[in-house]
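Below you will find one chain, with nothing else, as structure tokens; this is the form predicted on its own, and questions on how it binds or moves follow later.
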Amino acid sequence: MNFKIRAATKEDCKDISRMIMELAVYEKMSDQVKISHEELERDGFCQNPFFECLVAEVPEEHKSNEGFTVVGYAFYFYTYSTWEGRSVYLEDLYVMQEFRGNGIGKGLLSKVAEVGKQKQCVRLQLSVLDWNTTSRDFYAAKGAQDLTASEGWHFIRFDGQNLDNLANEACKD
């Protein structure tokens, strides 16, 4: 299938927001999506963006059943390892169901890796739900290592009231 991968623009945020919700539905977590396309526009297309995003686009003649030409996205940002240096973290990789199996996911993943390498990143990290064996197998086939099994890492999160409580414990100047 003919498609192109390009950097997302502010104008893509409605499509990205739509696909974020599609991914959340697939992951059985749609109730957890709180972000809007306006926040994506504000946070990704400002002077110091919090994230970068690539989109996969098909020609008009291959648009989705619903009429969309933006059919996938890769949402990522940069982190830093105190052991290894620059890293890129892939928050989301998503391709609409009807376009899967055409190399779009591989194309998005490879492009994120290329962008990371251009910025001297030494690793690409991501997380996958334990039940999502299709995605885990996809990443493993590309050479990804499951650090949960090999190193025992757990992802830890503070949010909501727990984040507020922690911030309130900070020393005041």
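The first residue of the sequence shown is number 1, and the count goes up from there. Computed from a prediction, not measured in an experiment: that's the story for all the values here.
What comes next is about the form predicted in complex with a further copy of the same chain, which does not appear here.
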**OP:** Could you tell me if all three of 24, 27 and 154 have a heavy atom no more than 4.5 Å from a further copy of the same chain in the predicted bound form?
**Re:** yes
Subject >> Residue contact check: residue 164 to a further copy of the same chain in the predicted bound form, 4.5 Å heavy atom >> reply: yes
Original post:
Is residue 62 a contact residue for a further copy of the same chain in the predicted bound form, using a 4.5 Å heavy atom cut-off?
Top reply: no
Original post:
Any chance residue 48 has a heavy atom within 4.5 Å of a further copy of the same chain in the predicted bound form?
Top reply: yes
**OP:** Answer for residue 75 alone: is it within 4.5 Å of a further copy of the same chain in the predicted bound form, judged on heavy atom distances?
**Re:** yes
Subject >> Stretch 32-64 - residues with a heavy atom within 4.5 Å of a further copy of the same chain in the predicted bound form >> reply: 32, 33, 34, 35, 39, 40, 42, 43, 48, 50, 51
